[in-house]
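Given as structure tokens, the chain that follows is alone and in the form predicted on its own.
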């Protein structure tokens, strides 16, 4: 997402108000360009345990992603590859590559509140939902509140999504509801930083509604949208590297 750059001190006119489609596309592509590399820290807190995992990430487009665990040592080398709707895990302790079957797609990824299905689901707010604008920003401290309902043809699990964005076009919160209008989980974004020519939130948190004391939080340590990512990165052979 390209944040509007206003130079009012020089007498330039402010940028026109974005369309809702532009806002939703920006949210869809927040940390993803045509290609990207990065490192992130994932902190998971549940009633039973608390752990932190550091991972390296590569992506290309919306259908290819590779994630490799760097630490802790007991998990280092565990790698997940997504190619279109397919997902594989490489387990270095047993030197096995396992394809994740359909029946396990709702399972937790690395013990977090992110599911395997989250990793492969390429649904987009800007394409798979119709929208109603509930609130528009008034001034720099205002916000956009957009309520989204899935289209009839969309392969999504949510009955409703409510997205809140700041006047700067950056997402602040997205709430996901089931078909009975019950809140299932909330994603929040914070700690805006510059990564190259992009200014984006460097943290986001996933919190289940039925377990308010639990959460999974990601913190981006590095993001690079310029360095080329070879196609061979997203192969089964690359899982073991």
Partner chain sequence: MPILLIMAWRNLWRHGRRSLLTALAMALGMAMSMSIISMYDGMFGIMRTLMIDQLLGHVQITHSAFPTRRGLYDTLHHADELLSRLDALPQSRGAVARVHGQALLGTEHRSAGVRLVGVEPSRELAVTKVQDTVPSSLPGGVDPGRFLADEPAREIVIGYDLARDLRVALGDELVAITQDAYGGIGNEVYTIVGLTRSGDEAMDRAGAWLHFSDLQALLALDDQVHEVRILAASDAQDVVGGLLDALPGALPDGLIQDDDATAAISPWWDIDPMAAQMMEMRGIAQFMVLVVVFGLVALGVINTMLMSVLERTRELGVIKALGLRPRGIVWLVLYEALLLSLLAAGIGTLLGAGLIAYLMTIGIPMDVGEGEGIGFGGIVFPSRLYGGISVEAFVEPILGVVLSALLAALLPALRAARLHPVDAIRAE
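On a predicted model such as this, the values are computed, not experimentally measured, just so you know. Numbering follows the first chain given and starts at 1.
If you look for the form predicted together with the partner chain, you will not find it shown, but the lines that follow are about it.
Not displayed here, the partner chain is approached by residue 94 to within 4.5 Å at the level of heavy atoms in the model of the complex. Not displayed here, the partner chain is approached by residue 89 to within 4.5 Å at the level of heavy atoms in the model of the complex. The partner chain is not drawn, but in the model of the complex it has a heavy atom within 4.5 Å of residue 75. Remark: residue 83 does not count among the residues lining the partner chain in the model of the complex, judged by a heavy atom distance of 4.5 Å or less. Contact annotation: the partner chain lies within 4.5 Å of heavy atoms from the stretch 110-118 in the model of the complex, the single such stretch among 153-161, 138-146, 125-133, 110-118. Of all the residues from 180-213, none has a non-hydrogen atom no more than 4.5 Å from the partner chain in the model of the complex.
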